[in-house]
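In what follows, one protein chain appears twice in different forms, each by itself as structure tokens: structure 1 and structure 2.
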Structure 1
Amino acid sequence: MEKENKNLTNFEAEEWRVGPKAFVSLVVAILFFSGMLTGIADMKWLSAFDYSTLAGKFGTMKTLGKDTFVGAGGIGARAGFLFALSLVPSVMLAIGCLEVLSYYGAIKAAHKLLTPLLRPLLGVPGLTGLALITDLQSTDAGAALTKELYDQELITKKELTIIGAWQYSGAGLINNYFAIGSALFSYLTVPLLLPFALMFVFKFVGAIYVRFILNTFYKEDFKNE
């Protein structure tokens, strides 16, 4: 009991203690926003810690009829903001179409095709297919489903680990690829679906590798399963 009280006061004191870290961050804050770090001739690198340098500048219309509202030659936070804004329409279109396609059963069909492959490839029961397919759309929902399978004792610890490996690398693949990756689609020199297919295949490759290690290196752990 006494010990507990002591901990409590310690904890309260902790909140109000002003350590060296606090003073350092105050100094950093002042320097960062003051503008003093920019324009020092010999130490140009110091401007990396200057607020207005990092805020950067918007691009400008260098080539009329070619530059979009993002402009050309922008730098820092301002350029990043406009670039990110320019991605919004393609993300909305992609996620909107995915929503319609999954409504009409695209995901269910994929589930159906995937299920018979699970036992031979990964050594996990077909009923885990839903957790895997869900992971392609939502990392969090996939993780929750996997936990449920284990809690209901439908899969063993080893199967859980293999499924975890499949989900972990390239989690939320469909949504992440079309929402985030779309920023770079215009650069792709191969068809859009090729990197996607490759990543999907590699989810299996990684899980098979994990299955192999579990069956050899960690064999002892699963003797009782």
Structure 2
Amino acid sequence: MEKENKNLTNFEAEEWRVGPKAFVSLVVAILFFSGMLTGIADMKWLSAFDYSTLAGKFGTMKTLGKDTFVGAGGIGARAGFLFALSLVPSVMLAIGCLEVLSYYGAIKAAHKLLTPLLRPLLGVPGLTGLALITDLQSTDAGAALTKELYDQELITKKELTIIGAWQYSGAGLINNYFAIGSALFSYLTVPLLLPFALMFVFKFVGAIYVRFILNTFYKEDFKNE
């Protein structure tokens, strides 16, 4: 009993030490969840900071036989969740295939073949080559494989950052260029593959730049690796 009272006393003592940031946080929480920000006239932009607005709504099945389960007209977090859910099968398929290929030594082969290229160029081991190649087709599968390499401690945090920079620039390059970018092909005044080649080259340029930054300005952050 004395121990409980002592804990209660300590709690009350800590409670009175609450600073101004805590009260500001409380006010923000009340405004965020109360819906008050959606009813202010001439300031509709404030609704962007309201919980119900950010939660959004699901899409609707407007055209049967054409719309997917994601629907049409969805907005906010709910629409984003359904879109993210639609990516799960492709990511699971990619990871499953990569697990089988890795079992038969694909990562080991990539490490042996690509280390002489990737180590001097990007400062990463050759086993990351499979993740880089996968990223050209699927950003999600490439990111998942990279995370797996990091979780297994096969790459360091510094190498993870460099790989992330390579993947972020022109992510899903092949799919996005020939699928989404095809809408602009008729306006190109240069050979079709030239912009593609430039984007591929600049993936390396961006990663090399990030490597330079990490080796100079942020060198101390990775000295224990």
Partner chain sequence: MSNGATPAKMSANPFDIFVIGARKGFNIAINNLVPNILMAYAVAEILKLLGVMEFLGTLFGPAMTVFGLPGEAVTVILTAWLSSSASVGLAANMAANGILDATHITILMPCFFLLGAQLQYMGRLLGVADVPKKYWPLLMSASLLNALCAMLIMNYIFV
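Definition used throughout: the rigid core is the maximal C-alpha set that superposes within 1.5 Å between two forms. It should be emphasised that the depicted structure is a prediction, and the values quoted were computed from it without experimental measurement. The first residue in the sequence of structure 1 is number 1, and each one after it adds one.
Taken from the form predicted together with the partner chain, structure 1 is distinct in origin from structure 2. In the core-superposed comparison between structure 1 and structure 2, G164 has its Cα shifted by less than 2 Å. Core-superposed comparison between structure 1 and structure 2: the CA of L31 exceeds or equals a 2 Å shift. Hinge angle between structure 1 and structure 2, smaller rigid part versus larger, from C-alpha superposition: 39 degrees. For T115, the Cα deviation between structure 1 and structure 2 after core superposition amounts to 5.7 Å.
Relative to the superposed core, A106 has its Cα moved 15.3 Å between structure 1 and structure 2.
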